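This document opens with one chain alone, in structure tokens, the form predicted on its own.
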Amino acid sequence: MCSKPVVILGNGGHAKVLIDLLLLQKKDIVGYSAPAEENNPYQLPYIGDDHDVVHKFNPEDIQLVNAIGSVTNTNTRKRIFNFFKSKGYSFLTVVHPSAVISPNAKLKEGAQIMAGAVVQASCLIGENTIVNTKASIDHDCKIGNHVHLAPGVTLSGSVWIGDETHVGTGATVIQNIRIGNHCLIGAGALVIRDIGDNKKAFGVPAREMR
């Protein structure tokens, strides 16, 4: 069965990377939405804002790709995802051809696995979560919803990461660590102890900030 046409939500840097991926897979991209027509990625047709997408497309006829990136938190990505889910739309789960995904791993709706990423056996990747360029997730890791693992993140085996947590570029988490919901782990951090909910942690080794 042919896949549905795709609408891109967003027009920033993350959108450009996703469009490259989708074109590589020969997806039919009908256009993009954003608050204003600017930074037009690849000269795609401009659809309008989120409400214009709802007015112009039936949920049964298209799939959406959430192209909103996240730098320190995933609030905007989550809001966009939940808005369209409440209207009956579905999100495409995106996997770059160069990514290595265990057949025993599970990817939930809207997960995005970018170029060079590795997801090993018995891992769970939550909905609307980004596993960015060259991130590595070893066996038995559980990654929550609306998480961003930035480029070059390394998770050892049996790591648990809660919902809406951002793990910065190049951070490393050793085995059996739990990181809570709504956390920010700084770029280059080395996490060797559990991190509670709503915490920020930076450094080598990573320390929670007051």
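For every residue, the number given is its place in the sequence shown, counted from 1. Predicted model, so just to flag it, every value in this text is computed and none were measured.
Below: the form predicted in complex with a small molecule, not depicted.
- Though the partner is left out of this view, H146 does not reach within 4.5 Å of the small molecule in the predicted complex, counting heavy atoms only.
- Although the partner is absent from this view, A150 contacts the small molecule in the predicted complex, with a non-hydrogen atom inside 4.5 angstroms.
- The small molecule is not shown here, but in the predicted complex it comes within 4.5 Å of a heavy atom of T72.
- For I192, no non-hydrogen atom is located within 4.5 Å of the small molecule in the predicted complex, even though that partner is not displayed.
- The three marked residues, T169, L184 and A187, each reach the small molecule in the predicted complex, with a heavy atom inside 4.5 Å.
- Residue heavy atoms within 4.5 Å of the small molecule in the predicted complex occur in exactly one stretch of 64 to 72, 22 to 30, 49 to 57, 174 to 182, and that stretch is 64 to 72.
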